[in-house]
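In the block that follows, a single chain appears as structure tokens, in the form predicted alone.
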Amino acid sequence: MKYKSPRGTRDIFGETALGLSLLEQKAKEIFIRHGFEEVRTPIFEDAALFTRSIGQTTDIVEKEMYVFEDRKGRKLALRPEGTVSLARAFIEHRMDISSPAGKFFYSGEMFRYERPQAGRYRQFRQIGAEIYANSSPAADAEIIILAQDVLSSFGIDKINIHINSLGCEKCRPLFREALVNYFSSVEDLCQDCVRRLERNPLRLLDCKVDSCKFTDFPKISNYRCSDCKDNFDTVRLLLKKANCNFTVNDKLVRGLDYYTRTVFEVRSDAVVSQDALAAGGRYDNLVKEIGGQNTPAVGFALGAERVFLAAQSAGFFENFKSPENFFVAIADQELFGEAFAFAVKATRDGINGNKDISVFGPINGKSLTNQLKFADKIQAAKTIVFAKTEFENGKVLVKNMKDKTQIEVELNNL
């Protein structure tokens, strides 16, 4: 029987693994430069944590979570996103005391049972950043600009930022009532919209099936209270002051219940998938809802796989090359120890001062011909051959594997 990776997952290696590592490394450098501290959370949590915070009527909770029971019957879930886990850690470790105005970032594996497509997998990686205990609109603008800067650092310049404000507990019920009245008059709603109309009408604006029917839908801008209006006006003003271009999208609601006021998505024409490259917003009630103190917060996350496709399309990885391969071979088996010691030293110190290399070999018990064939298989640029006569004279043979030319080189010069 041949085993394959489960549907929606994949093995990551070669250029893709290198590219994803570069993305995470660059994002981490930017986060640290902006004063964010890394937090790593478990890949599974109490399932109720996500059900309570994300919302029982969301697609994630209803359709996409991987839920299982452990040996003691406790219901656990593989984390579908990173914000809620970070909020739980913030409460559990009393970061509200140690980091009263905390700025945190994370990266790691997430899991959702979704239909696989380009840039979307059931096991995927997210990179995110969150600002805690800062209710100022400046924090919203900072997070949006940070998301833009991270994506721009990957060479993605075709960026479109969509923003909206969902209001607060004071004004959103009025907007919700207006949506129910409007959508109740729309004919032939899809099955999901019929269900959402009763339980979460804001999500109808995010429908991928019926959205073309919604032309005269109520706008949240007509229902925002004065505080929410002033808040959103300030967010937009700050973005303009920072020369950050954006579009106000009245249909933008996001798919998680914990969002309030500012929400945003960063999209790009350079990606195959229709999904946003990065998205987020403000979630001032989340920490309190899961048992913590009243703590305002705002953040974003990007999907590493989708960003990889966009960066690849933008030619970002063309400037990054894998290390040059060197192979150490032995023409005489008695030199195996000397060749091995050289390979170790070359790996640590480089060759001719060049440390951007990979050193393979030596291989004991193989003929020189077979060793050279192996060097070709690993696409070695050069093979350094330890041969008895040359070695006794303090030299080795350096063979260029492309043009097959060969020269003698003083061993000390390497």
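Numbering starts at 1 and runs along the sequence shown. Everything numeric in this text was worked out from a predicted model, so none of it was measured.
This protein has a second form, the form predicted together with adenosine monophosphate, left out of what is shown; the following refers to that one.
Residue 277 is the only one of 150, 311, 329, 277 with a heavy atom lying within 4.5 Å of adenosine monophosphate in the predicted complex.
Note on the partner interface in the predicted complex: the residue among 129, 302, 204, 86 having a heavy atom within 4.5 angstroms of adenosine monophosphate is 302. Stretch-level contact check against adenosine monophosphate in the predicted complex with heavy atoms at 4.5 Å: of 184-192, 121-129, 334-342, 319-327, the positive one is 121-129. The closest heavy atom approach of residue 287 to adenosine monophosphate in the predicted complex falls outside 4.5 Å. Looking at residue 81, you'd find a heavy atom of it within 4.5 angstroms of adenosine monophosphate in the predicted complex. Taking the partner from the other structure, adenosine monophosphate in the predicted complex has a heavy atom within 4.5 Å of a heavy atom of residue 256. For residue 261, no non-hydrogen atom is located within 4.5 Å of adenosine monophosphate in the predicted complex, even though that partner is not displayed.
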